[in-house]
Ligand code: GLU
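Take a look at this one chain, the form predicted alone, written out in structure tokens.
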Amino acid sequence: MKKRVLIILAILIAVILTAAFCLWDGYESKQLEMPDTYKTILNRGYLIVGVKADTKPFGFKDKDGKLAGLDVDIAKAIAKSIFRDENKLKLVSVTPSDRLIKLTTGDVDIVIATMTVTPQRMDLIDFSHSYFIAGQTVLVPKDSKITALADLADENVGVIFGTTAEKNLRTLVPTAKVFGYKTYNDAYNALKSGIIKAITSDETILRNYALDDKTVRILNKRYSKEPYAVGVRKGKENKELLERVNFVIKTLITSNSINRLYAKWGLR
């Protein structure tokens, strides 16, 4: 009889301990859940967006020193959709080499910075619907004998750190001598001083250098397709924010507003 009582007590203790463990595990899991990003933005009262400051006409500083461009206008459209006020927005300058870091560490809520959707980046972050399709080309001095991508073989060629141009260049012209720069202006100055013979990047970016400086030109042929999209952190806590961003992009496209923005910034 005594042995039977001890067995029953042992079973009861095991059940109680199991229940307690389950309750604690559930509590701990709940505590570890990340706060919903969209609700955090609403409570904060403004959206934080990473944009470029040296990539005209997408993200650049205008004559008054304010950030402007297509990417900035899209950021304003998203802020307006969330708050009904496009000014409830904080813009943070990012570069190709730090934009993913600032996004994943939470310095910014989203990134809109001429960022091409690639499988490698999709492993790190989520992307919205594409809002622009670019193509890569080459910027060279006007009197350069370079007329095609193949002519970059064994030449010093500039790329911007963190862009897809470097990977594409190494794949398509493996003998090219790649010089990496932090900003487009750094690469442009290296081209002008003769350190490099060409710059490879998106046509929409390089074209502005050719328009402002008649001593350089871009090659006519495009050798890649670069879909730009908004970058959002991974995780279920960012799902609602990504849905809101996709809603805005889709609305801009279906209402033809995106084409008006393209025309505004000389992209069509």
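Each residue number is its position in the shown sequence, starting from 1. In this text, all values refer to a predicted model and were calculated from it rather than measured experimentally.
One more form of this protein exists, namely the form predicted together with this ligand; it is left out here, but the text below deals with it.
Participant: Spell it out for me: taking this ligand in the predicted complex, does every residue among Thr137, Lys197 and Tyr209 have a heavy atom no farther than 4.5 Å from it?
Facilitator: Judged in the predicted complex, none of Thr137, Lys197 and Tyr209 sits within 4.5 Å of this ligand.
Participant: Heavy atoms, 4.5 Å, this ligand in the predicted complex: which of 238-246, 222-230, 60-68, 43-51 makes the cut? Say which one.
Facilitator: In short, 222-230.
Participant: Out of Arg121, Lys76, Lys192, His129, which one falls within 4.5 Å of this ligand in the predicted complex, going by heavy atoms?
Facilitator: Answer to the contact question: Arg121.
Participant: Contact between Ile110 and this ligand in the predicted complex at 4.5 Å, heavy atoms?
Facilitator: Flag for Ile110 set to no.
Participant: At the 4.5 Å heavy atom threshold, is Gly162 in contact with this ligand in the predicted complex?
Facilitator: Answer yes; at least one heavy atom of Gly162 falls within 4.5 Å of this ligand in the predicted complex.
Participant: Taking heavy atoms and a 4.5 Å cut-off, does Ala187 contact this ligand in the predicted complex?
Facilitator: Looking in the predicted complex, residue contacts with this ligand do not include Ala187, since no heavy atom lies within 4.5 Å.
Participant: Indicate whether Val157 is a 4.5 Å heavy atom neighbour of this ligand in the predicted complex.
Facilitator: Residue-level check for Val157: no, no contact with this ligand.
Participant: In sequence order, which positions of 78-110 have a non-hydrogen atom within 4.5 Å of this ligand in the predicted complex?
Facilitator: Sequence-ordered list: Pro96, Arg99.
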